[in-house]
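Below you'll find only one chain, the form predicted alone, shown as structure tokens.
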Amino acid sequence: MKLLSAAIALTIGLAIVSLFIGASDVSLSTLLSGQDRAVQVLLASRIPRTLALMLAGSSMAIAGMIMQMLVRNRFVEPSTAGTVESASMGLLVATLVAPGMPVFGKMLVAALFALAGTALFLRILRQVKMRDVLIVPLIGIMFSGVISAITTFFAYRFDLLQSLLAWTTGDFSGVLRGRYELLWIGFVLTIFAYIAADRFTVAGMGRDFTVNLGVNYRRVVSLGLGIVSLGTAVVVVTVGMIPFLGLIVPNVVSIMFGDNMRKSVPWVAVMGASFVLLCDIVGRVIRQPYEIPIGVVVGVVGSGIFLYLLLRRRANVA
């Protein structure tokens, strides 16, 4: 409990640092002097952005942990299982068919596509006889590539490549008050994940084991897919894709505290928020007053950690 309290304190510290970094001069002295511009920037931009970072980080990390439980593979997460790409395809379809649709409607369409894409990925996995630990993420990456190629083709044909780029590159620079509130849905989904944590833990031990304990396996999987799809769609619609986040954080938490999801959910949520806050601060500091999109920073860091985990796993197997 002391460690978790320290992690929460660290997250709050990063959030406070995040509030005072940016092109506009917002500091304690400007706020205490009552400068209207500094107060306005803090309320309209900095606080919404910091909250969006924390909510998006927690949502994607929790989604990754649930997906790893359902697939029973530590190298799977929404961006390596076609979930994010399917959500982007849903957004594209919603934009083409009903351009005037409200953001909430587009999010629902994206969630439906994400749900269908994830379910198709699970169905493909059931047909694979050799369930090697490295084969599953490779199938997911190929599946994601196919969906991404189809989406890019139609985006090119209908001159929507720029919009597609925004959905596939995580960027919090456009977050303002009134344009991030959908991410609170991710917070609600995190609470649902904590309530159902024991059932997900049981489902992670396999269908037969789950059924023998009297738990409805299909219902647990459906709940997990719903949380993963809706959480991913909310993040993609609001700030774009954040790669590898759902892979890195659950793996680090699993190495530190084991696979009990009831114990892991608070840690995954807190560490997901901290990791995204830290990457965003790095992206905003490197080239001030310009900033590097967080999708790029997380992608670089995440791909390195992903390779480390793969090599570590292979060394353990050898």
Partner chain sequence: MLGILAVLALAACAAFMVLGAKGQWSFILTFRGTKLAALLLVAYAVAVSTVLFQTVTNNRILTPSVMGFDSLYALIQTCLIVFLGSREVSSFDPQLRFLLEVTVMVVFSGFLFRWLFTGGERSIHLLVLVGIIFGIFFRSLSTFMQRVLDPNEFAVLQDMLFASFNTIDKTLLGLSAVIVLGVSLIGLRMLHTFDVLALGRANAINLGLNYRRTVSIILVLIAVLVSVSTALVGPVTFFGLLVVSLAHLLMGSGKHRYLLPASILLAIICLVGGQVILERIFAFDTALSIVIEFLGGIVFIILILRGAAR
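Here the structure is a predicted model, which is why all the values come from computation and not from measurement. Residue numbers count along the first chain shown, from 1.
One more form of this protein exists, namely the form predicted together with its partner chain; it is left out here, but the text below deals with it.
- Among heavy atoms of L311, some come within 4.5 Å of its partner chain in the predicted complex.
- Not displayed here, its partner chain is approached by L307 to within 4.5 Å at the level of heavy atoms in the predicted complex.
- Mapping the unseen interface onto this chain, V146 counts among the residues with a heavy atom inside 4.5 Å of its partner chain in the predicted complex.
- For R37, no non-hydrogen atom is located within 4.5 Å of its partner chain in the predicted complex, even though that partner is not displayed.
- Annotation: in the predicted complex, residues A7, I47 and Y194 none come within 4.5 Å of its partner chain through any heavy atom.
- Remark: of stretches 210-218, 146-154, 225-233, 176-184, the one touching its partner chain in the predicted complex is 146-154 (heavy atom within 4.5 Å).
- L134 is the sole member of V188, L134, M101, M205 with a non-hydrogen atom within 4.5 Å of its partner chain in the predicted complex.
- Put simply, of L120, I141, L112, V93 only one has a heavy atom within 4.5 Å of its partner chain in the predicted complex, and it is I141.
- In the predicted complex, its partner chain lies within 4.5 angstroms of at least one heavy atom of each of the following residues of 286-300: I286, R287, I292, P293, V296, V297, G299, V300, in sequence order.
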